[in-house]
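Below sits a lone chain in structure tokens, taken as the form predicted on its own.
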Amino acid sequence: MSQTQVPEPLVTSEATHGEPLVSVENLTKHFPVRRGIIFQRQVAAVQAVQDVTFSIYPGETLGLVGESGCGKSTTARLIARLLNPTSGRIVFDGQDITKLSSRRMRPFRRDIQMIFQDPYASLNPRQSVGQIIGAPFAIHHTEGDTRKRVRDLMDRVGLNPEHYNRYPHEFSGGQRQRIGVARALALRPKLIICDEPVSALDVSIQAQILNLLEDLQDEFNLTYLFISHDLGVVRHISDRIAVMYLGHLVELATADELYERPRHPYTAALLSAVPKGRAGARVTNRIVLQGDVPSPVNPPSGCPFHPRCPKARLVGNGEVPENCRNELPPLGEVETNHVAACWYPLEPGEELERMAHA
């Protein structure tokens, strides 16, 4: 059953203006599960991303949050065309890139770059820093003095250009991530997808990398898709925030609106888990969700969150309402500039603490 989508623009902020740089429309990705050694037959499918629709505007940062396994990284790889979607469309800079061949996709690779989570695994240990950062210039056959450009990039991201010939193992985690940032920046892309870029770093180093990303965005007019499970980090850097659960987009709002007035029960639960005193901390009592995230191979009918939803149990006096169990809620406007996919969204000012005891 497809999720009904609201026509764009769903949510705007001060950073959303003009035409979107990226539009994903009903994006879906299923991974087949096969059995058999010789004659493999498909017996099921992992529903990693299901009918996701959103846009990213030039110069903004869209945060994408959710628990591990909710489909965030798969969505990122679909947008970068590192994976092919099962269905749906991806429009980048006015061009439909959904079904482009590798050859026709090549020009777009310059404009879509990624910064990965692990700053060591994403770097070739057998290449020097100069070779790693200079690789995009070689791959795309750009003209100019590569060595000078690499040194300029190293200086811009806070690395010593004299370390041009050193190898990744000779750098700290934060320095290795700066190498990844320099490599992503090399071809002056329009979109950089940041896939949990600071989750493997110490808190003090996280702040340095986030500040670097913000400075680079202002300097080069970059657009970011910033993926993280850390809501404090996401609030610091994002203009708008999209929340995913079990492959579905369940809420989208501006950063301030989402943190001040979460409307989806899942978002409220995420915010309640932010340690008190950190950005995004909302309630004293943590909302502890019952059970585990359902398997994406066999997701629940109706609302994907209903087996764990404390608001549904409150509404049904201990029982989950029938529409939550059987009908997929559309992603609809719950108030101006704020959308959520929920049959019983939280009301502004509703006491979230009582959900902690539901």
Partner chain sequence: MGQTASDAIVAAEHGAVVEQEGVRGRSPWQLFWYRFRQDKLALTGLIIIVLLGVLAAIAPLISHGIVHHGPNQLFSNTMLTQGGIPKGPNGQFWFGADSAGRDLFVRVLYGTQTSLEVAVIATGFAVLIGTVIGLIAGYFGGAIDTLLSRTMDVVLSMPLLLFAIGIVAACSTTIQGCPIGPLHLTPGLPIVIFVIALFSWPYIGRIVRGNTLSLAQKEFVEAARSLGASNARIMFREIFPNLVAPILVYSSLIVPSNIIFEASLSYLGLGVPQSIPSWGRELSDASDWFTVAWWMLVFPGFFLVLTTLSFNLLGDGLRDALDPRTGR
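Residue numbers count along the first chain shown, from 1. All values reported here derive from a predicted model rather than from experimental measurement.
The form predicted in complex with the partner chain exists for this protein as well; it is not shown, and the discussion that follows is about that form.
For the partner chain in the predicted bound form, the listed stretch (228 to 236, 165 to 173, 245 to 253, 144 to 152) containing residues with heavy atoms inside 4.5 Å is 165 to 173.
Proximity to the partner chain in the predicted bound form, defined as a heavy atom within 4.5 Å, singles out one entry of 82, 91, 288, 212, which is 82. With the partner omitted here, the residue from 123, 157, 191, 205 that has a non-hydrogen atom within 4.5 angstroms of the partner chain in the predicted bound form is 123. Contact annotation: residue 130 falls outside 4.5 Å of the partner chain in the predicted bound form, judged by heavy atom distances. The shortest heavy atom separation between residue 77 and the partner chain in the predicted bound form is within 4.5 Å.
Residue 116 belongs to the set of residues with a heavy atom inside 4.5 Å of the partner chain in the predicted bound form. By the criterion of a heavy atom within 4.5 Å, residue 112 is counted among the residues contacting the partner chain in the predicted bound form. Along 179 to 193, a non-hydrogen atom within 4.5 Å of the partner chain in the predicted bound form is carried only by 183.
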